[in-house]
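Only one chain is shown below, in structure tokens, and it's the form predicted alone.
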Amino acid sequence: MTYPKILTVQDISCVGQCSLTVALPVISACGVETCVLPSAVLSTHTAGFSGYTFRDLTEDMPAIKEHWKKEQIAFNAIYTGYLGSTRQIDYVADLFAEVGTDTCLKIVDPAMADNGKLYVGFDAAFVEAMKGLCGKADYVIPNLTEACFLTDTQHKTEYDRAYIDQILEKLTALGCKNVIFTGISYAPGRTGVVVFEQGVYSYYEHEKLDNSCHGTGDIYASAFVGALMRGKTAYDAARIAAEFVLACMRETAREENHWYGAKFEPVLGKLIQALE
């Protein structure tokens, strides 16, 4: 796979450094041809802005897929981020089945929850649909809250390795082949990512920064996907992505009023260097 082609399906928040405005530049910087299928267009993201515009593009998705099939366009990987409805999840399942190459990697970031709660607008039916999509994936990239909803596990803020192992077992029971489990912290001041690949557990730990930034999950998932498509192992891709997010957060902390996203653009060079 000398020049892979990836499709990413998620919304466009025109301002806010998240979703497709992160995925397209980050994966492209990794040297991967990045094709997009916008699920919706918003003037800004929904965290901290008010009066934003929203246009749902669900109805456009089937016709786009059919045109790609007519043109015999196929993707080496399909990566999904925020999806706005169960219908969109169903359409993504169709994409998995119909526009991937024979060896297409299917990567799902089940972006639906954080801090113990579902995002506004999501419900139990959405969670059930997302379980089905994750069961079709080669890699899933949940945070702890999302993993708990996917596995019907009580969310905890303090936990041990046994608790995480139980969740991993339940995720693989859904059909998830490999899990990149983000934001897992076993010690104060430290956090990291669990890589559970083909039943083998590994863990990359790093410093936990005090500041938080909207969109870091999208940055992480995009960097992971880009590194994976460049031939890195899942563990190395998870490590590279984590280090890139840390660099983004440190850069963001340098500017007092940059509250709406993470400044990933000034440190894209570090991601490129890590891949080389």
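Nothing here was measured: the structure is a model prediction, and the numbers come from that model. Don't overthink the numbering: it's just position in the shown sequence, from 1.
Another form, the form predicted in complex with a small molecule, is not on view; read the next lines as being about it.
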At 4.5 angstroms, heavy atoms only, are Cys18, Tyr82 and His214 all close to the small molecule in the predicted complex?
-> yes
Quick one: of His45, Lys232, Arg239, Lys65, which gets a non-hydrogen atom within 4.5 angstroms of the small molecule in the predicted complex?
-> His45
Any non-hydrogen atom of Tyr119 within 4.5 angstroms of the small molecule in the predicted complex = yes
Touches the small molecule in the predicted complex: Thr252 (any heavy atom, 4.5 Å) | no
Within 4.5 Å of the small molecule in the predicted complex, counting heavy atoms only, one of 244-252, 215-223, 30-38, 56-64 shows up; tell me which.
-> 215-223
